[in-house]
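Here we start with a single chain on its own, the form predicted alone, put down as structure tokens.
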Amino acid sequence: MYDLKKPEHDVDQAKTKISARGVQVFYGDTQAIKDVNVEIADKTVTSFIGPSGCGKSTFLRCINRMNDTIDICRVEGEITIDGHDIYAPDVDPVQLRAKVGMVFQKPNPFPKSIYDNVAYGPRIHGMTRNKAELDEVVETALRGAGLWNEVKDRLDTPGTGLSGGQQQRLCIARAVATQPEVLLMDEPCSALDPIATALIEDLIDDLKQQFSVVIVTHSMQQAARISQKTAFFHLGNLVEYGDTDTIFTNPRDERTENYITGRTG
């Protein structure tokens, strides 16, 4: 099994969870990502912003090798988590995705009970020895997603019967149940109402205590509210990356400023 435990590095290296060097992504002959270099910190929320089609979701999917599922997609360069090359030949993408959870734009609970949605990952990865341990994992994940008190008396009912915001929190519980080290979120609030969005944003703030959280968002207000670091993508390039406050108040690159101020979309 692929092990993502930290190697023995100095203190500065330990602060970096994900490192990308010279990453390029191609769909057939079309280049979607151009030479991206970035260091993403542990226990931090990092936002990817930029116009539609700029490559932010494509790069996000590189971090858990979701692009492997697309036949015409080719990824070049190096991405490491805790210093380990996640594209190395001995890395099992299924095991990697247990360590790098993902929440998608549209809530996508399995057509199973609330309990079985959360228990699915721990079961297939053999993380628990008995029902009591699995019960504990499910409860912990649902509590972590802020959902336990709302569903504890109906765990055997279908996850698809929950409201949109509850379904998205169920998907977050499902993602954290395998005890990942990184949590990827691809516009997790775009299909939700403002109240559900506020709940998810509060949850993300809590989750950063445990995980490196990377979120793609179209909402600059959301990026400003929840993230400590922000990366601005444009036409497949990572134009600028730094502290969120700096990106929004004093960007170095004119393209970033034009996007932030609404002069370009």
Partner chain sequence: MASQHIVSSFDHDLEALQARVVKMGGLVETAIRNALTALETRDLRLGQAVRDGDRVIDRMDEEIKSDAALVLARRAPAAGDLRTVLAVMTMATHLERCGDYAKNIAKRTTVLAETAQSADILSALRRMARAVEEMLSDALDAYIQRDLDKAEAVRARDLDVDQMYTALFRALLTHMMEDPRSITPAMHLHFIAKNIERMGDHATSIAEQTIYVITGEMPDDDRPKGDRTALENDDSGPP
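Keep in mind the model is a prediction, meaning the values are calculated, not measured. Residue numbers count along the first chain shown, from 1.
Beyond what is shown, the protein has a form predicted together with the partner chain; the following relates to that form.
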Contact of residue 221 with the partner chain in the model of the complex (heavy atom, 4.5 Å): yes
Partner contact for residue 248 in the model of the complex: the partner chain, 4.5 angstroms, heavy atom: yes
Within 242 to 264, the residues that have a heavy atom no more than 4.5 Å from the partner chain in the model of the complex: 248, 249, 250, 251, 257, 258, 260, 261, 262, 263, 264
